[in-house]
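Take a look at this single chain, the form predicted on its own, given in C-alpha cells.
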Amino acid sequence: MWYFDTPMIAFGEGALAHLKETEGRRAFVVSDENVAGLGFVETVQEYLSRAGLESECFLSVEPDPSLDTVRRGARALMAYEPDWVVGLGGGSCLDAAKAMWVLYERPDLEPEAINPLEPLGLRQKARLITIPTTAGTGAEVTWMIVLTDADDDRKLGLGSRENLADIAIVDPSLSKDMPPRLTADTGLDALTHALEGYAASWANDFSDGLCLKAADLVFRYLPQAYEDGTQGEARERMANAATLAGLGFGNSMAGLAHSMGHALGGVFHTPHGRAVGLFLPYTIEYAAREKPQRYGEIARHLGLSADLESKGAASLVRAMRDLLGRLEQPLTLAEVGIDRESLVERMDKLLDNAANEATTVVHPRIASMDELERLFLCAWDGREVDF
C-alpha cells in the first residue's frame, strides 16, 4: 500500500486572490527581505486583511535556512499565536515556514527531530498556506523540509506527511521578476525532480504522469523563460511544471543527483538547483549502465532517439547537457569554481553527507562509497561515467 499526498492547489494568473477566502483571525507570514522588496509580502497582507485577518511577518529567512533561524521563527509564532502560517518565497522560505509551523505546534521538538515516523499531531493551533515566488523547488506541494546545520556543514532532509501544506497558491505573476540565473537554477531543480521522480525505485502510476508532463514542460519552456523573462506563457508553464514535478517526486522520491547536490551545498554552498542540475547527467549515466529502462521511457516521451533503452538514456543525457549549455550553466565542478585540491580535501565530508541522504537509497542504482567518490571526480572534470 502507498499514499498520494497533495494540498488543495489554486493556480493560474491571479490565483493569489484566493487569499481573500481565508477564514481565521491571524496569519503569520514567513518570507525574506528580497521578496518583501518586490512588494509581494505587502500584497499578501492586503489580501489577508480583506479576508478579515490580522497579520505579522518574519522576514529573516536566508538561503538554505539554518536550524537557528527556524527556532527564532517558531518563538515568534508562539508569541503571536496565529491560526494560519503563510510561507511566501522560494524553497528556503517555504521549508522554513513548514519547520516553524511544526515547532509552533510541537514546542517540545527540535527541528532535527521532524521525521516521517514521528506522529506530530499538527493543526491543533494553525494550518499552512504555501505561495512560491520561484518556479523550481515544488516545496509548495511537498512535505520535505531541507534545513542547514551550519555547525556541521550539512543539509538535513527532514519532514513528515503531516506538515504538507493545506493550500498551495501557484500564481505565475509572482515569478515574472526572477533574473535569468535564478530562472535557470530553479528550473533545473524542477527538471531534476521530474527525471529523478520518474526513475526512483519508489515511482508509481500516480507519480509517473506528473513527472513526465513536468519534464516535457521544462524542456520546452525553460529556455524561453531564461531568454525572455517577460514571456507570460513560459512563466506560467514553468510555474505549473515546478508544482507538477513537486507532486511527482514528492510522492515517489528523488535520487542521487539530489544526494550529491545537498552534500555539495552543505560544504561549498553551491545553489541547490545549479548543483543538482550539474550532477544529473552523471547520475543518469551511472544508473543507466545497469538500469536504462526508465530513462529510455523518458526519452521516448520527449521525442528523443530511443529505439534501444540504452540509446534513450544516452539521448536524455545529451539533451540535458544541451539544455545546460543553452542556459549557460556549468557542466563541471571545475566550472563552478571548486578546485580539485579543495574537492579532495573535503571528500570525506561530501561522501558522508551524500551517503546519509534518503534519496541515495531510492536511486535506480545504489552507489558504494567508492563509486560516489568516483562520481564526484567525474563531475569535477567532465569525464563520462564508465563504471
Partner chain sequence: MIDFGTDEWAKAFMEQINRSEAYAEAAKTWEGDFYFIIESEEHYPEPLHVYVDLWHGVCREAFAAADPSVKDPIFRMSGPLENWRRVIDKTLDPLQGLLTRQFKLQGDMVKIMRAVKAAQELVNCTALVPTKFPE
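All of these numbers come straight from a predicted model, not from anything done at the bench. Residue numbers count along the first chain shown, from 1.
Form predicted in complex with its partner chain: not shown, discussed below.
Student: Of 349-357, 55-63, 323-331, 41-49, which is the one stretch near its partner chain in the predicted bound form, taking non-hydrogen atoms within 4.5 angstroms as near?
Tutor: Answer to the contact question: 349-357.
Student: With its partner chain left out of view, choose which of Glu233, Glu227, Asp152, Asp307 has a non-hydrogen atom within 4.5 angstroms of it in the predicted bound form.
Tutor: Residue within 4.5 Å of the partner: Asp152.
Student: Scan Asp177, Glu81, Glu118, Asp166 and let me know which has any heavy atom within 4.5 Å of its partner chain in the predicted bound form.
Tutor: Only one option qualifies, and that one is Glu118.
Student: Consider Phe206 of the chain shown here, and say whether it contacts its partner chain in the predicted bound form, taking contact as heavy atoms within 4.5 Å.
Tutor: Judged by the heavy-atom cut-off of 4.5 Å, Phe206 is well away from its partner chain in the predicted bound form.
Student: Does its partner chain come within 4.5 Å of any heavy atom of Leu182 in the predicted bound form?
Tutor: Contact check for Leu182: no, nothing within 4.5 Å of its partner chain in the predicted bound form.
Student: With a cut-off of 4.5 Å between heavy atoms, is Leu156 one of the residues that contacts its partner chain in the predicted bound form?
Tutor: Judged by the heavy-atom cut-off of 4.5 Å, Leu156 is in contact with its partner chain in the predicted bound form.
Student: With a cut-off of 4.5 Å between heavy atoms, is Phe4 one of the residues that contacts its partner chain in the predicted bound form?
Tutor: No - in the predicted bound form, heavy atoms of Phe4 and its partner chain never come within 4.5 Å of each other.
Student: For the stretch 368-384, which residues lie within 4.5 Å of its partner chain in the predicted bound form by non-hydrogen atom distance?
Tutor: Ser368, Met369, in sequence order.
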